[in-house]
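First, one chain by itself in structure tokens, the form predicted on its own.
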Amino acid sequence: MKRFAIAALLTTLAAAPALADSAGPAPKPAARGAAAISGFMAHFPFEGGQAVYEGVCQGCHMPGAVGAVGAGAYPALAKDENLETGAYPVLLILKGQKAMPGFSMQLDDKQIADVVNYVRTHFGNHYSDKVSVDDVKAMR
């Protein structure tokens, strides 16, 4: 079984340049500093904390930040005492934890500060001290 999977992978990789050439050049993501990556990962285009939450976070943490249980456990962010310290969600977003991937390559410092500030002041959270772009930059 493993030999078949390895052979299939090698065949796919060997064919990739020919497939890419026949489809024409791959589109390149818009440059956004160090966060722009060609190929598999690209910078997310969302602006503002609500837009970042709805476009990136809501798929797992759900509308209303109520969390979910299914193929994995996605914690609720609503009324979350763990958000009291702004550094905590910043580090989770940058580095990830358990099943949550880090988003340091897809989100820039402003987007991360915006979404952290949004989540910390919505969904029953009332943490009014702001995380700044410089705070996020220092934690990268």
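Numbering starts at 1 and follows the sequence shown. Because the structure is a prediction, the values reported are computed rather than measured. The term rigid core refers to the maximal set of C-alpha atoms that superpose within 1.5 Å between the two forms.
Although not depicted, the form predicted in complex with a small molecule is the subject of the following passage.
Contact with the small molecule in the predicted bound form holds for all three of 80, 93 and 103, each having a heavy atom within 4.5 Å. A heavy atom within 4.5 Å of the small molecule in the predicted bound form is found for exactly one of 75, 45, 64, 48: 75. In the predicted bound form, the small molecule sits beyond 4.5 Å of every heavy atom of residue 69. Proximity of residue 115 to the small molecule in the predicted bound form falls within the 4.5 Å heavy atom cutoff. For the chain shown alone, residue 87 is not a contact residue for the small molecule in the predicted bound form, no non-hydrogen atom being within 4.5 angstroms. With the core held fixed between the shown form and the other one, residue 72 has its Cα displaced by at least 2 Å.
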